[in-house]
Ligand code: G3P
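For reference, the chain that follows is the form predicted alone, supplied as structure tokens.
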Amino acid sequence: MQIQSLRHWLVAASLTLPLFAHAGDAAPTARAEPTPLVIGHRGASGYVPEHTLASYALAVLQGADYIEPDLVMTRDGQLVARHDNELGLTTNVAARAEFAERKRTQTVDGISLTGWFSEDFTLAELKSLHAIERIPAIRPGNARLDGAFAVPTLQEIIDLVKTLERSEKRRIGLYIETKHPTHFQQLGLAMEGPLLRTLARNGYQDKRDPVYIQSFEVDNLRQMAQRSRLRLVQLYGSGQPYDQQAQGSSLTYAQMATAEGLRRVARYAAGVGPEKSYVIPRDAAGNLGQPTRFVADAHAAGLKVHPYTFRAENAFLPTSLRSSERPEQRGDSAAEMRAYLEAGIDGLFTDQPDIAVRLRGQR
């Protein structure tokens, strides 16, 4: 399909899919989730600029069980999908002269950043921006769709999912990440309340509902565990969760990854989302090493394990699975996924859901 035709199709699909639902259509009934769970990371972000309705729709059409919106707050307290609150990498804000004076430097999660920030824009202003590809050097095809799509709200994403559930005749889940929760709490823009209220209004209230809420921080998950029966997932990065750092706590992700640490996480979470190296680290040559005890210890604590992120481009793959020296070309991502599935994971985040769905079908 030529790029102009693809652009027109994706724009039309993302704008009109919600119109196709009929009041008499029954929503799919709950049933056991597929194994392994395929989570469209920021949608099908290996094919379409991330966190757009088109990216989410494409992920579902490729067979993803869940789509992953990252949520940030606007100045007027609205939840929108962006990978970070800094907008310069994922929207055309830098090209908008009327917003030039909004560019500033601030500290977010202990890191100094310069750019344009979601909390400085109203929803109406954000809606005047358009999404761009975050890593154009690796995904030049996606960059050809720059400017085609708007920044979606959480409600728009939910409307899309409910429509696609009817057209696809299956349950489609939301795997929501709360971004920079301590930062937004300090601004008086805490997202946990608005998030839980929006989900409840749309019928998502129980652990049986197709929703996971994830965070790299700890306390906002603990707080939501007291307010909601939805399933929560503790993400694992490097160093410390920022809320623990801000409080002066010594708690680290490494401590949380021990058998005892995972048992403590299981007191408030249903699953864990580790960076892939927690499950299978890479050796000095950049190849996959031997699996750790992380999966076994998490399962012993009653936790699901959904590592991130599986990407097909050479830039992200183990050395032995790359197809060439060119970072933007695709290598053998299915082989990487297969190694992690053999290590016992329960699901995975991927930018190319179609590859994971095909691999699951083969298994």
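Note that the structure is a prediction, hence the values are computed from the model and not measured. All residue numbers refer to positions in the sequence shown, first residue = 1.
Here the subject shifts to the form predicted in complex with this ligand, a form of this protein not shown in this document.
| task | Using the partner position in the predicted bound form, report whether E177 sits within 4.5 Å of this ligand, counting heavy atoms only. | result | Flag for E177 set to yes.
| request: Find out whether any non-hydrogen atom of Y308 is located within 4.5 angstroms of this ligand in the predicted bound form, and reply yes or no. | output: Although this ligand is absent here, Y308 would touch it in the predicted bound form, with heavy atoms inside 4.5 Å.
| message | Taking any heavy atom pair closer than or equal to 4.5 Å as contact, tell me whether Y340 reaches this ligand in the predicted bound form. | response | No.
| request: Verify the contact flag for F216: yes if a non-hydrogen atom of it lies within 4.5 Å of a non-hydrogen atom of this ligand in the predicted bound form, no if not. | output: Because a heavy atom of F216 falls inside 4.5 Å of this ligand in the predicted bound form, the answer is yes.
| Only one of V151, L288, L235, L195 has a non-hydrogen atom within 4.5 angstroms of this ligand in the predicted bound form; which is it? | Looking at the other structure, the residue within range turns out to be L235.
| task | Check each of E313, D70, D65, E336 and return the one that places a heavy atom within 4.5 angstroms of this ligand in the predicted bound form. | result | Partner contact (heavy atom, 4.5 Å) among the options: D70.
| query | When this ligand is placed as it is in the predicted bound form, which of 202 to 210, 154 to 162, 177 to 185, 239 to 247 ends up with heavy atoms within 4.5 Å of it? | reply | After filtering at 4.5 Å, what remains is 177 to 185.
| Residues in 34 to 55 with any heavy atom within 4.5 Å of this ligand in the predicted bound form | H41, R42, in sequence order.
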